[in-house]
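The same protein chain appears twice below, in two forms, each given on its own as structure tokens and labelled structure 1 and structure 2.
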Structure 1
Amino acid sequence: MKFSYNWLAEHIDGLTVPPAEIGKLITMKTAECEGVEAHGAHFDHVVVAKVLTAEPIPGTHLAVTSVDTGRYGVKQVVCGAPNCRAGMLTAYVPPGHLGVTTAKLRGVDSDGMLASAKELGISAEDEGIIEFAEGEPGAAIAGCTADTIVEIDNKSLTHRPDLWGHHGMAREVAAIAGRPLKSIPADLPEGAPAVEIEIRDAKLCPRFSALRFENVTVQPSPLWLQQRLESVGLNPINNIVDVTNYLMAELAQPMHAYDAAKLQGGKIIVRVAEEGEPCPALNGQTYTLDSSNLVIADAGGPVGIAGVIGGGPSAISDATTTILLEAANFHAASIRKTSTKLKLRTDASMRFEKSQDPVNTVRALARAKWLLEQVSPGIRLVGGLADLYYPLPEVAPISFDLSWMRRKLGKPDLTAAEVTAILTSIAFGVSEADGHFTVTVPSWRATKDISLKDDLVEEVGRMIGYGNLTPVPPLVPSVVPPLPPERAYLRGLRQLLTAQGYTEVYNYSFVNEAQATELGLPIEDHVRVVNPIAQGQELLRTSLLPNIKRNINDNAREYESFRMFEIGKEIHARGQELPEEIPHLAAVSFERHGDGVANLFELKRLAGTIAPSCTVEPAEARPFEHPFRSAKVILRNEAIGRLFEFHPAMVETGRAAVLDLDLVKVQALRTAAGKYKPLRRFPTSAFDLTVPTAERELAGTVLGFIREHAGSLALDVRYLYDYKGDKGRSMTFRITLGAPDRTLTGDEVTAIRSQLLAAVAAKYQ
């Protein structure tokens, strides 16, 4: 929202704060100022000029003119405007302003410029140079002045309906500067209501006020009005529409002017739209409405979408001679819903959705009447005010004690007089006795902004200035915070992984459908994003692997080998419940060359360091896995994850081994160190055993068999090596025997060995 300094100053008695400082004051006390900019500084130098002669330059559309500029003398200026002619009064810009320099055009000297309204920053009009009906050469452009524009961040005005107009902001500035705010009268002549009003739902429309005027002349607004609108980013259109926009920017009250001759029947009805009811709007679009939209209707149907946009057919035109001027109040959420649904955010809807003050409508109409009489000479009010008003429930006076306010702010020396002065300066009604306050809220702060004593802490605090509070260390009990074990675990795991050479990546929680399909992850298992704005954000990941696969292929272009990992959440749908979020680890070891076996075993070893005593069991390969290189990782008989190599079709440039672990399971199944076991005191004996096996026998299976048959005195069974020769494959194991209380005899060892040999022979020969 843009604010004009001059406009603010008109509302404050004796404002002396210079324009350059006002932005900072507003930022510190009220709302965030995004910038302060000079506007129309050239009006101090631009003058009315009379064109004395205008001779076409042959072969061009240009004319060489001689102009009387009064103050600057008679100047020769080259001008290309179609309306440039001898005798006219226009605006002369001397060199040095608006980028104008002394120049030669088509070989002709030109000293300055004759300017259009657009070039002057008065309106969007650029058909020709501006033309004045009257004025003395050398005089300033009447009504146009240098100004300073203060731009305030709209987000910081979300809770302040009153600050969407200059008068409200002027109240803040007046309070900050310690100057009185000028009041705006709301008096209107008595008379019979000029139109009948019906409101079908008072919650959606608490107030509808209107005036009717006749003998209207629709014409361009005076320059001061045009420049003012232009300076705050509103386009001048015609005097009637400009008045409504002016008041919106001044009092934050959106208004609408109807061509009264185009309204059917003698009644205005505020109602919800019928299903599928069309409404042609003044932006040329026709909107199809439903019962969630509120409309202003006449006997013929909707003539406007309430609080959002006026209707097309009843819009003001050059032929308009009577108008109905509306100033209404609408329910904020309803307006917001409609403007969101229609994707139509207007200056009006933006204000109404902040909960505007219903008290404001009549004051805006009174101000409009005063303004219309200036900009449309001869205009006459017909009858009196039409006003249907269902007052909102009043906000009860707010009570608090001075001691409470002191504690909230942390300012023990705050006085009752200070609090009273501050709240009064921003129009709260204050009564105070013995430090007990009762505060009434002005109507423009009562719609949503302020209802609790806590809300008043902000009013007092910001006006004192938070920089005037002395920082105080909080007194808190000293307790050791419980460290959540999951966080400590994940932190340790990350350290372990980096110590083993893995670098951490972060991926998005999103995957796209193509990624899920490629890995054979069922689309319907995913939680879906309903309103993604970019591609690639349709689904929430049920696996870290789609993005990991992308990381592998991206980095494979740069590195011959790399190791990386991600710890992130898989998100699994659970119907209407919140989905299950399971932290997973995905670790990758990639080599461009080689057979990939070492990478797989490296990750197997990694699994063993993360989940000691885990085992690996071949598993049916998923479509994206190498069909003969995939396995489940098992800990205490439960699958905790997967070890595999990506299928060559997925990673074409090399071998990528992956370890994917469910970290909830890993943590749950992990065991802490138990009681200490005394160290062995008697020597052990060991022997090696070679087992002939089938070509694809699993070492793990044979090891398990030997363990099972080696008896209770076998302390350790260990795989030593594998041999593949002419006679087939064999594996060699070392079995270590021992007893806790004695040294085993040679006979005992031999007996165990023979028994084991027999069992192995029976199974494997």
Structure 2
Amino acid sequence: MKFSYNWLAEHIDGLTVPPAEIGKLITMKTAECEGVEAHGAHFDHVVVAKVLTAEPIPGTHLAVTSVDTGRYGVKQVVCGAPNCRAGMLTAYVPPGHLGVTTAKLRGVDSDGMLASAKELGISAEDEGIIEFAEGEPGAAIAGCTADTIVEIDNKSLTHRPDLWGHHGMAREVAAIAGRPLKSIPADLPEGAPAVEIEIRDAKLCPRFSALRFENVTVQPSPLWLQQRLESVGLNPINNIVDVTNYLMAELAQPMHAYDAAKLQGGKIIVRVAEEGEPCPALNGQTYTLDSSNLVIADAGGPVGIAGVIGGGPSAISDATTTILLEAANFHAASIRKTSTKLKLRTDASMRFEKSQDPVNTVRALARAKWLLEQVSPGIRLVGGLADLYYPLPEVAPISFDLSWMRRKLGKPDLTAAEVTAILTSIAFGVSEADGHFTVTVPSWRATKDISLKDDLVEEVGRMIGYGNLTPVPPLVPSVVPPLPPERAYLRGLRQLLTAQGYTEVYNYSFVNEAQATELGLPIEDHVRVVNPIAQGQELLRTSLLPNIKRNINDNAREYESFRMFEIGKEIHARGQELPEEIPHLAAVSFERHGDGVANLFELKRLAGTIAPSCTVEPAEARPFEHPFRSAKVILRNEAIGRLFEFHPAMVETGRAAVLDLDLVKVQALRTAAGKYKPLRRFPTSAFDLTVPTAERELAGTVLGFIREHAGSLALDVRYLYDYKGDKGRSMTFRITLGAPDRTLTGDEVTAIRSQLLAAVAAKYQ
């Protein structure tokens, strides 16, 4: 948002604070200033000049001119403008400004430049050099002066619709600088309205005001008006439209002018659009509306989309002689929805979205009447003000005690006089008696901004300056809250996985229908997002696997092998209740080459690290799993997840195994932290045992059988390897024996080994 320092100064009596300092003060006390830049410094040097002679240069479109510049004398200037001619008054730019130098063009010396309105930064007009109707050579360009632009971050003004105009910002600057703010008259002559107004939904349009003017002359605006609009980023169009834009930038009140001759029925109707109703707009587009859009209409249909853009057929043209000037107030959320739905953001919609002050409409029309009389000589007001107003509920007076304000601000020496002076300077009504304040809120701060006494603390605090408040630590003891058990567990789990070479990935909690369908996840089980943040993110995930699969394929193109994991939440619908969110772990081990067996053993090992004493049991493969490499992970006789390899058709290259654990179940079933055990004092004995097995026998089943029959002295039973030969398959295990109070004898070890051999022989031979 750009603010002209000169424009601000016109609203403040005796402003002397320099622009750079104003920018710093605004940042500290009102809104974030993004920069302060000089604008139009060349106007201190550009002068009116008279073209004495203009002779064409043969073979070119150029002319060599003799120009009386007054201040700089008579100069020879080469000019290529089509309208350059002897006797005209134009603008002369001396060398050293706007990049102009003394040069030789087509062999002719040129000292300076004759400039167009665009080159001077007055307007976008560049079809020829600027022409003046009157003026003396050497005089400054009337109404065009050097300025400074203060740029404010729009986001810091979101809650302050009054600051979207120069008058509102001037109020802040006046309070900061300690200078009085000049008032803007809001008086209009009495008379019967020249147009009838009907508002069908007062909630969507609390106020609609209008004036009718005749004997209008549509022409270019005076240079001062064009230059001022250009300085704040608005394009001059014609005197009528420029006045509406000027007031939008001055009072933050969007306005619109209709060609009254093009309106039908003598009545303006504010209503919701009909389903499928078209509205041709000023930008040449025709928008198809529905009942969520508010329109301004006449007897023939919409003449504008309320708060967003005017209609094309009723637009001002060079032939316009009668206008209807509108200033209205609309419901902020309604305008925001319309603007978003139509993908049409305008200067007007951005202001209405902030909840404008309904009182501002009449003030803007009164100011517009004065301006139109300056820029369109002979213009006449027809009748009086047409104004239909449904007042909004007033903000109740706010009460507080000085002691409360002191405590909230941490400023024990704050006086009642200081509080009164600060609030009065920014136009609050203040009544104070014995330290008790009653404050009334001005209309432009009552639109969702100020309603509580805590809001007034901010007003007083920012005007004092937060840098002037002494920081004091709280008087109550502060302690770090305990870490929630779930967060502590997940943090530890992340540390465990990264320490073992796994890289964490983060995915959005959204999937699309194609991803869900590919893995056979029912679409109807997903929660659908009404307003997805991007295309392809319309479903809340019920599994981490769709995005994990995408991660695998993305990384498989770059790496021979990798390990990664994600800890995230599955989101499951629960009818009318809020969805259930279940934390899950998905860990991946990938190899581009090989048979993939190592990946499964790696993740089985990882599962044992995360959930000690868990076991793995074969399970029926799901459609996206390898048909012979899928299993359930069991802990305390309850399934806590799955270990599987993605079906080869799902992975573009290589083999990828996945461990998917329900972390809620893992936390609930895991054992308590182990107790310290001293080192063994006596040695152990170990022996290997090879067991002939069936082709599809599970190592875990055999290991469990051996553990069951090894007796109480068996400290550990561990699978080593299996062997497949001509005589079938066998598995080898290592059994470690030991006693806590002695060294086992050879006879004891032999007896246990013989006992196991007999049990295995009976079971597997």
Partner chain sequence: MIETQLSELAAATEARIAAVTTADELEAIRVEVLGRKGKLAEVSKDMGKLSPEQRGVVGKLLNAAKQTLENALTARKTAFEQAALAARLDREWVDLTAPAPGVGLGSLHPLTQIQAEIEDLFVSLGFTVLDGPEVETEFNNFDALNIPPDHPARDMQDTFWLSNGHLLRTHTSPVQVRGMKKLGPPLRMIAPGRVFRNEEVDASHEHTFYQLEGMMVDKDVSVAHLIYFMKTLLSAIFKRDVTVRLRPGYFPFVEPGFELDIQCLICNGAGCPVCKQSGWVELLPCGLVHPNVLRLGGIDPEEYSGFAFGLGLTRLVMMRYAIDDIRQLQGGDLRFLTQF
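Under this definition, the rigid core comprises the largest set of C-alpha atoms superposing within 1.5 Å between the forms. In this text, all values refer to a predicted model and were calculated from it rather than measured experimentally. Numbering runs along the sequence of structure 1, starting at 1.
_Pair member that is the form predicted in complex with the partner chain_ = Only structure 1 fits here, because that chain is the form predicted in complex with the partner chain.
*Establish whether a shift of 2 Å or more occurs at the C-alpha of residue 291 between the two structures, with the two forms superposed on the rigid core.*
No, shifts by less than 2 Å.
*Taking the rigid core as reference, does the Cα of residue 10 move 2 Å or more between the two structures?*
No.
*Cα of residue 628 displaced 2 Å or more between the two structures, core superposed?*
Residue 628: C-alpha displaced by 2 Å or more between the two structures.
*State the core-superposed CA shift for residue 703 between the two structures, in Å to one decimal.*
C-alpha displacement of residue 703 between the two structures: 4.1 Å.
*Look at the Cα of residue 553 between the two structures with the rigid core superposed and state its shift in Å.*
It moves 8.8 Å at the C-alpha.
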